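Consider the single chain below, provided in C-alpha cells and representing the form predicted alone.
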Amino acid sequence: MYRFHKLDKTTSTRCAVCKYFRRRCPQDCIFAPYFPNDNPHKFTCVHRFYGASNIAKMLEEIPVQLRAHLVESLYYEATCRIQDPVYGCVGIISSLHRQIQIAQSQLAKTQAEISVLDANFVVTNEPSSSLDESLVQQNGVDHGLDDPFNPWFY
C-alpha cells in the first residue's frame, strides 16, 4: 500500500486529498493508500462528482480489501462523466450492449446460412440408388451411366 507521511523531521509528503485541502496528512489518513500525491488528477476527478466527505463515507463502509476497487470504479465513472456529461459510463455500456446484439444477430444469420448449406450438401450428395435400382429392374440392364466414379464420358 502507498503511505505518504513524514520522511524526516523537515520534509513531509501528503496524499493528494490532504494536498488538495492544504492540510496535514494524519498517520491514519483513509485517503492516503488510494490517492497518492503523485496523481492528484485522480482525486480531483472523483471529488468533482462525489465530494470528499462522500468518498470518505464510502471508503469507511466497505471492507479494506475492496477499497482499491471502489476508488478505481469511482475514478472510471468520473472520467466517463467528464467525457460524456449526459450519459457517462451508461453511454459506453449501452454502446457495448448494442455491439453485442449486432454480433449475436450476425452469428445467428451465419449459423442459419451454414445449416442451409449443410442441408443442400446432404440433399445433393444422397445416392439415388432407389431410382437406379428401379431402372435396372425394369430393363434388366445396368449400363453404369449413373456411376460418378466411372470416367467414360470425361
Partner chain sequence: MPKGCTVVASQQAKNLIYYLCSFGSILFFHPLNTLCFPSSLSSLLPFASYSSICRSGGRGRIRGIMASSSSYNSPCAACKFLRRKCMPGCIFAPYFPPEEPQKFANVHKIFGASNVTKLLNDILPHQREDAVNSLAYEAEARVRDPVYGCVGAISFLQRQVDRLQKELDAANADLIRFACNEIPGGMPVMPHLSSIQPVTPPQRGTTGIPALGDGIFYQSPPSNFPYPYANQLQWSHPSNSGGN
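From a predicted model like this one, the values you see are computed outputs, not experimental measurements. Positions refer to the first chain, counted from 1.
Omitted from view is the form predicted in complex with the partner chain, to which the following refers.
Non-hydrogen atom contact residue 88 with the partner chain in the predicted bound form at 4.5 angstroms: Within the cut-off, so yes.
Proximity of residue 101 to the partner chain in the predicted bound form, heavy atoms at 4.5 Å: Looking in the predicted bound form, residue contacts with the partner chain include residue 101, since a heavy atom lies within 4.5 Å.
Residue contact check: residue 61 to the partner chain in the predicted bound form, 4.5 Å heavy atom: Close contact exists here: in the predicted bound form, residue 61 approaches the partner chain to within 4.5 Å, heavy atoms only.
Interface membership of residue 113, the partner chain in the predicted bound form, 4.5 Å heavy atom rule: Within the cut-off, so yes.
Within 69-83, the residues that have a heavy atom no more than 4.5 Å from the partner chain in the predicted bound form: The stretch 69-83, when checked against the partner chain in the predicted bound form, contributes 69, 70, 72, 73, 74, 76, 77, 79, 81, 83 at the 4.5 Å heavy-atom cut-off.
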